Every structure is written in C-alpha cells, then in structure tokens.
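This document starts with two versions of one protein chain, written out as structure tokens and named structure 1 and structure 2.
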Structure 1
C-alpha cells in the first residue's frame, strides 16, 4: 500500500516536475517552450522575446550590478530594480545629514539625478551556441585536467577572435554541466544615476521577519537611469552624457491581474542545482544546511543581543545582520522544504526509473550503469570536506570583520611577494576604500564576541584534524574569551591605525608588523589547514563529481527523451514562466495570491524597526487618495505570487503579462518553496513580486514624481 502510494506521488510529481518550473535561455525557446507558454495564455512569440535582427523584449533587460536584474521602463533609459538591489548604491550616496535610505529620494529633474559611481548595468546583445567550437576537438578519453585545459584554451581563443564592437565584451559559459557552451556578447553601461526610492521603512517593510515569507507587504523597488554618450553608447560618467535611448522598453499595464493569469519573469538567475542525485540533495539539506544554519545563528545571537540593547548599534549593524540573516533563513526553509515534500525519496524513485530504463537498454547500461553507484561513493567521500570547507568560511570569515581584515593583509603580503611594490600598491589602493567602509560598519567589541562564540563552536564541533593547534586545548567560555582578547589586542582594531601601517613606502616594515599580529598568525593557521587538509580534497572531489554530473546530465537527456531539460541557472539571461496562483502551505490553510495596502496598515507597528511607517504614508492611506492604482477591490494591490521558477539573482526581474507588459517586480520566494534551487515543486513553489500599481502609486502619491510616470507607457 505504502509503496503504491509513493509510486503514485512520484508519477504525479514526475509529471509536474518537468511540465512546470525551469529557466530557459531566451534563444532556445522557439518551438516547444514557446508553445507551452502560449498554451498557458501567452500572446507573444519567441521572436518578440528574443531577436537579434530587430528589437525585442530582451533589449529592455539588464543585469544590475553583479547580482541582480533590472529593466528599462521608458524611452529615456529609466530603470527599475529592487530596493535591496539598489541598497548599496543608495547607501553610498547617503550622508548623515542627507540619509537617502531613511528619507527616500525623488529627483525632480534630470539635473537632480545622482551618479552612482561604480554601478554598472549589462545588456545582452546576442547569444550563440558555441558547443562545437569549444568541444569539437576534445577527446573524452583524456584525463579530466587535460580535457579542461584544452577547453579553457578553446574558450580563450574564441573569446579573442569573436567580432565585437570596442564597447562590447564576450563571455563563454558552460551549460548542462559542460555538455553545451554558449557565448554572450554584452554591452556594459557605466553611467547609472539614482532617480527615485521610497524610504526604507516602505521599501524594506517587514525586513527580516517577513523575508522569505508570504503574505508580503514591502515595496521592494528603486529607480535609476542609464546615461550614454552622445552616440547613445556606453561611456564612463560624464556631465556631457545623456539619458540612454533603449532599443526596447517595457510598457506598463495597470489592468486587473487574476488568478491563473500567465506571467513571464525575465532576468539573471544565479545558481540552481536541479539535477543532483538524491544523495547530494540529502547531504545539502540534512548535513550541510544544519551546519551553516547553526553557525550563522550563533553569530546572529551575539549581534542581536547588542542590537536590542542599543539603538545606534542596531542602525550600524542592521544591514550586516540582514545579510547574514538572509541565507540563514533561506537554508532553514530549504532544509525543511526538502524534507516536507520528500524530495530525497522522490529523487530516489526517479533514479529507480532511470535504472529501470537502463536495464532495458544494454548499450546505455554499459555507458551509464556506473553513475549512481559512483555518486554514492564520491558523495560519501566528499561529505567531511564539504562540511569543513563551508564551516571554515562561515566560522572564521563570513561574519567576522576583523578576521577578514587579517586575510586581506595576507593577500596584500602575497601581492608584494609575487608582484613587488607595484603589486602591493595596486592592491592597497583598491583595499583602503573598501576597508574604510568596513571599519565604519564594525564595532570591534561585538566583532570580538562573535569571534569568541564562533571559534568555540568550531573548535568543539569540528573533526579534530580540521581544528587549528592554537585552539585545540581550549574548552570553556572563559578560555575562548581569553583567546579572543589575545587576537584582538591588535594594531588593526581601528582604521586610522591600520592606514598608518599599510600606507607606507617601507613595505618590508609593514609586513613585519602584520606578522607580529596574533590574528594574522591565526588566519595563517586556518588557511594552512584549509590549504593542506580541506581544499585539495574538496577541489579534487568536486571536480570528479562535476565530471560525473556532466555524464549524468547527458544520460538523463538520452534516457528521458520525452522531457525538456532546462540548464541550471548560472547568472545568464533566462526566462521562466507560470501563472498567478495561491497555494496550500499546509492542511486547511490557503494563501491567496494578492496582498493589498490594507495589509501594510495591519502590520504597521509604530516605533518598531521593521514595521514602522512614515506619517506621510499613513496620511495618504487615510485620505484614500489611491489615484487609478487600485484593483477591483477598490484598494491598491501590494504584492502577488505566481509559479515562476526563480532564484537569487532574479531579484529586480520584471514580471510580464501575456502581452509583454510589466505587471510586477520580482523580489523573493515563499517560505515553503525556498528549496526550489534543489527541487522545484509546483504545488508550493511561488515567486513574490511587487505589483506595479503599488510602485506607481508610491512614485506618484508619495514621491510626487509624476514626471517619471509621464515618461512611461501605461496601458489601462
């Protein structure tokens, strides 16, 4: 009976598994994917989405900074992205007297738009399948490293010989674990200016408490503008630059959105691992995630204690805390989600079916029969190194600023050893501004307490061979505190003193000062353990696993010819599509797909750091001055959810309707579906978007920036 039940679940989910979810390269959707999109209601064709002969929707999509997405929403290069994506740039433009994050900012003219130095946005000019050129001369019988170096050589020479304009760059990336290669020609714009943003109490409303959760009520958006030179080409910042005229911009629809409506999300998803064997998913969700979660929790506990006791500390640590908390919470959701949908069991059932198909095909079995058993033994060998590699990073570097400083000093020293004074000075010039910001955001006594807590945890919970000698004998809180005191008794606990040592022409002297630092020694000790006992094994086994995964991917595609396989996300341009849909997170509970401004007011908590609101917002709400940004309920829709398969990097991605109009701005996923990076389950995986009407409402009524709305093409 039980077996029958599991098989039934498997059959149902297997169908689902491949019928929904997925993130596709836009140049590969013509045909079956296009048809499936049209079946769900899309009125566009593949050519409307991606075309290199004429303008298409892809010409409105950019990679924003390193890790987010943005989209052009006016003929004058107006750019929309998330609040949390613009955050760093806005923070850098803020001062104590003029805190743009806190107060919001609305440029009332082009002249008032603020250059965000260092920020870039990247358009994809074209995508080419170059698999033949990269793999054509590769003999699969060669050893792994020889094969890889030949591939690298091919990539290098093709990158250099590809015809591009002088403002363009080329990137070639592996897909399907190296079974395919695609080339991307990119246009990178470098003069990006801040145009508008609501106060963070509105943009980040709900902060960490609401993060990764539905229902949601934050207006996670910020507005920038792309500037170009007088030929409309990318250029460094200059007063002479003018607003960029895009090849395409997204019209905006304020029409009704209904459950089951088609949606399309276009952006740059960072990383997924949808084709791992069951044993790998089990290792991540049940071994690795718990370790990473508990280390971050220990760091958050210390920081949280200080933040609760002191308002200035809370402000100073808010962003650091949020950064650590984001994936802490994600991993909890992921680990729970994998177990609650029985993803490991379902993957095992799927693997049984794979073996069953091999049994019927002796030739395939000879090729692929070894795969799953090899995975088992490789992952078993990999586990301790996988955990140690992550634990070292999380325990010593991720959350401890002072240790990061120490490892930067080590890199500085290496630059000197390898490239002489020029190497040292070059790295120093990049390092100092970065460290200046870092020290500004650090409280050395909190940092020391986090250090003591994490070092203790690491020393007591790790395999003895991975524990540095200097902390092996320590046991009690007091001993770890004393150790921390020793490390933090340092010349590098404040920025000015650091500069007085680093910023010198007597580099040998500076390095001798580094070397007298107990923290520098400790970082070296950790790196030595990592370099001798962890990384070599980790790297070797990862390479073998990857190679096996490449073969497995190929095998899956051969053995399941009836399925379409999308390539895992790798920070390249993708589309994902689905429908507006609520979901049942658990028995007797149903979540509706749309939230409203009433919910913002319901959650409002005066004085609370996550749920407070500006008086102006409350006043507008009271006056019910909603303009025509309402839906059929008469209220302003805030956020909505749909079945689009998204991941980190999709933040800021546009959600489009069946005709290609902007209806929402992607920014997150729901709690029960955070495991979608490993296993997408269409019954509970949902992406979360801000409704574009909430964005327009805030621009117009809160920001009084009607001039921006006048630039846009609004479809009523």
Structure 2
C-alpha cells in the first residue's frame, strides 16, 4: 500500500508529464503525442503538422525578427504577428508628421506597403536528429572543457558540410541539456513590409496595468507581408520583388469558441527549465526572485513618484518603467505560483519516486545515485553567488542609466588598451548613437534618486565581501544621498559634454578625464568585485550544475521509459496543445475563458495613456456595427485563454483549432501561471490570445482594409 501511495502521489504531482504540458518538436510527435492530441479533440495528423515531403502547417510558421513568432495567413504572403512584436519596426517607420504607432496604418494597395528595413522572418525547412554525428566521438570521461571543445568542432564541421541551397542556413542546437542535438535548415526572408496596424491605444490597450493579467482586452496584432524575388526565393529588398507565395497558409475560422475546445499553439518559445531539481526551484522562487523583486520595486517606487507628479515625466519614463515592471510583475507571479501549487513539494515527491526506482536497479543506482545529493551541495554553494550576480546587475546596471554610461566608458577604455585607436573609434561609432537615445530618455534628477535608493539597498542587504569599499561605511539616507551627489557631480550627466570628451583625437586625454570621474571609479570598483569575487565562482558552479543537469536528464529518461519527455524551450520551433479553459485564481473567484469588446468600453478612461480609445472606435461600438464577427452573445469576443504551455518567444504564435484553422493570436500568460517556465500546472497555467474575430473586426470596420479580408480564406 505504501508503494502504491507513493506512485499515486508521483502521478498526481508530475504535471509536466501530463497532456497539455510541454513544448514538442513537431518532427517528434508521431505516435503517443499525436494520439494524445487526438484524444483531446484534434482532427489533424502528425503529417499535417510537420512534413518535409509536402506542405504542412509548419510551412506557415515563421520566427519573426529573431524573438517572436508569426504566421502566414494568405496565398500572397500576408503575415500576422503581435503588435508588440512589430512595435520596433513600426516605430522606425514612424515620423513626427506621420506617427504610425499613434495613428495606426492600413495600406490600401501593395504599393502603399512600407519596407521594414532590417526585419527578417525565418521558415524552418527541415529538422534532423544529428545526435550521433555530434556526440559519436565524445568520451564522457574527458574534462568538461575538452568535451565541449570537441562538440563545438563537430557542430562546426557538420554545419559546413550539410547540403543546403544557396539561400538557406544551418543551425545545430543542443536539447535535453546536451543529451541530443538537432539540425535546423532555415529559409530567411529579408524583404518584409508593413501592411496594417491599429493605433497603440488599441494594440497596447491596458499597457502596464493589464500586463500578465486576465481578463485582457488589447488587440495585440500587426500585419506585415513577405516579399520574394521572381523565383519566390528570399532576396534583399527590391522594388522588383513580389509578394511571397507560401507552401502553406493558415485558413481562418470564425466559428464559436467554447470551453474545452482543443487548441494548438505553434511557435518559437524562448526558454524554460522544467526539469530542475526541487532545490533549484526553491532557490529561484524563495531566494532569488524576492531579491530581484525588491530591487526593481525600489526603482519603480522612485520613478513612480516622479511620474505621478508630472505628465511630461510620465511620458518620458513610460517605456523605461514598463520595461522594469514587466519582469518585476512576472517574478512576483512566478514565486507566488510556485508556492501556491506546492511545486517544490511535488518535485520532492517525484524525486522520491526517482530514488525508489533506482533502489530497484543496482546498476542504475551506481550510475545515478549521487545526483540529488550532488545537486544539494552544488546549489548550496551556488546560492550566494547566484544572488550576488543578479543583485549587482539589478542594482547598478539594469535601472540606473548613469551607471551604464560609466560601464560603457570602461569598455571604451578597454577597447583602446586592447585594440588601439582603431578599436576605440570602432566602439565609439557604435556607442554614441546608442547613448544619444539613452540620454534623451534620462532625467538626471530621477536617475540620481534611483541610484541613491538602490545603492543603499545593495550596501545594507548584501554580504559584506560583495560590497564596494566606498559604500561599506554608509548607513543613513543622508549619507547615501551625499554619495549620489558626489557621483552625479560629473561632466558626463550631459550628452553634449560627453560627446565633446569622447569624440576626440587625443584619446589618452579622454581616458584621463574618464579616470577622474567618481562614477567611473565606482563602476570599476563594482566590476572588480564582480570579476574577482562573484563571476568566477558563479561561472564555475554554473558549469558543474549544467553538467550534472545533463546527467540527471539522461537518468530521468532512462528511469521513466514509459514517459514522453519534451525538451526545454530554446527558441526552436515547437508545438504545444491544450484546451480552452477558465480557472480559479483564488478562493471563490472564477475567470471565464472569453472576454468581449464590452470589457474594452468598461475599462475606457478618456485621456489615460493606458486606457484611452480613439473616437472612431467608440463610434463604431456605439453603432454596434460588428459585422459577422460576433459570437453567440451578439458581441465581438476580444481575447480567450487556454491551457497551452507557452513562454517568451511564443508572442505572435497562432492558436489553431482541431482542424488547423487560425482562431487566435498568442500574446501573454496569466499572472498566476507565470511559474510555467519552471513548473507547468494545468490547473492554473493559461496562455492569453487575441480572438481572431476581434482582429478581423478591427481590420474591416476600423481599418477599412477589406482588401486584406478578401485575401484571406475565412471559414464561416
């Protein structure tokens, strides 16, 4: 009975083995994963999803700009992605006279579509398991650095000898912590043009307040088009290029979406760590996250005080504040989620089952019996350096612009020392445009107050051996403010003054000016602590932990042969499947899985930068001119949630129904489930998608771009 009880606990707790969890390589789903998807309602086959002999859904999926996902939705290369994914390209196309972000943009012809220079999209032509070619000659008894050197040589050799077309590239990546390797052949298109986008008041509706939250009501989408040469192949921008004819494009369904409907999300998720041991998850959720949260909170409190008191400051700091708040909010949800679902305890139960299986297999126990004990000792040693490494970055360089300037000056000096005047001038040419933008968004008074708050926090809460000598004796607010005044009494608080010093032929003189700056010396002091006391230990222990994690991953796959293990996300093409479902975020509260346009109007606040709306949108809503884009309630559905396992990089991923039709556009996760990067739990982890009917409604009724609607294949 005791053994049965342990087994039941394991089966109930190991949610990452269950259906609806996981990010699967599409070339590996044939068999048990395919059957499980069909059990949940999918009507497709594995060959419909991934096929190298004929067109399949994977031929409609692209990596957008290197960090997001997009999908082809017409036979003329029309491309859909998130508003926030296209934001940078749209911003670069905007001018003071024609602000596309503020006003929106809808090309009424191919000729009006705007080239987004520098933007690329990448299709995956094929995926191959090349584990044998990469690891075949590797002796695991060799030291780690020698093993990695041999692996790198094998990767380089195979990359160069793989047969590809002239327009293709090859990438080889490790999976399962280096136990397997896959090769990806890519087609990269470089002529991408903006076709349509709603104003950011609609596309970013809710902005920071609604970020990571449900219910959501923002239309997070933008539309581009892929152009190719006359042979339908990738080419640099040319007026002679024509719209790309895809191997496959996604039909669109405007049918009803109901709870428990099957959903498939296809994209390029960035990074997950689902197979960490319990001690690692505990360290992240209960030791590291609280430190990072408190540092960012201190910075946000200072910025928020200034932003509340002055509208111009609020606008100037809105983007910076949002960037800091994004992961501050995510880490809070992650830590709370880990503890609310008892993820650490469940992982410990799983580890008991792992040890139980080892006990029944003496040979396996001899190989793997040391793993969990080694994790305990390594993570105990790693903890102070892990916290210090993150605290140094968060305290001095993430939120304080002036300290980043000082750090860049130190790099400029090192370029000169190592590469002479040519190295200095080369880095200076890249640095000055970047610093110009940084200074434009910096208020020195605010930056100085953030500096004082974060330096105080770091000095008083860090281990003494990691605290710079110049601030060790400081204790009071007054002392830290005086120190901040000293640092900011500088020639480099003004961009023009900085340029007058940096942009010189007398480089030795410029370096001497750098070295007289208290801020430069303080940054050097911090970097010295990082370089001598923190990073070496951090890097050494990280390498040992990663090597042990590789062995642990191998052990898990051997000891649980009945399980299908998905590889952690690493920005490669994946599918994840689930169902439309609401959830209980806390006691006596239930969130419905679909939001509607009425919620947009409920949140509307005239003049508010997060919740204002264009008059045209309000007029359309008032007229109830919703076209054919309503659901059974008679309203336009705005967003919906499902149990798909997603993360960063899945932004812009298509949400498909059981037949492979586009029904939504993935853009976020719910706050209570952000711990899914470490531990996926289908009871509370939800991805958030824009309903495709809201997208079509805005294209048609708001953008008056019916030509785009006519281009799509819409199933009524």
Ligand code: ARG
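Think of the rigid core as the biggest set of C-alphas that the two forms share within 1.5 Å after superposition. Owing to the predicted nature of the structure, the values given are computational and were not obtained by experimental measurement. Residue numbers count along the first chain shown, from 1.
Worksheet item: For this pair of chain forms, which number matches the form predicted together with the ligand?
Response: Pick structure 1 here.
Item to complete: Align on the rigid core first; then say whether the Cα of residue 459 has moved by at least 2 Å between structure 1 and structure 2.
Response: The answer is yes; the displacement is at least 2 Å.
Worksheet item: C-alpha of residue 643: shift of 2 angstroms or more between structure 1 and structure 2, rigid core aligned?
Response: The answer is no; the displacement is under 2 Å.
Worksheet item: Quick one: once the rigid core is lined up, does residue 633 have its C-alpha move by 2 Å or more between structure 1 and structure 2?
Response: No, its C-alpha moves less than 2 Å.
Discussion item. Please report, in Å, how much the Cα atom of residue 393 moves between structure 1 and structure 2 when the rigid core is superposed.
Written reply: With the cores aligned, its C-alpha sits 2.5 Å away.
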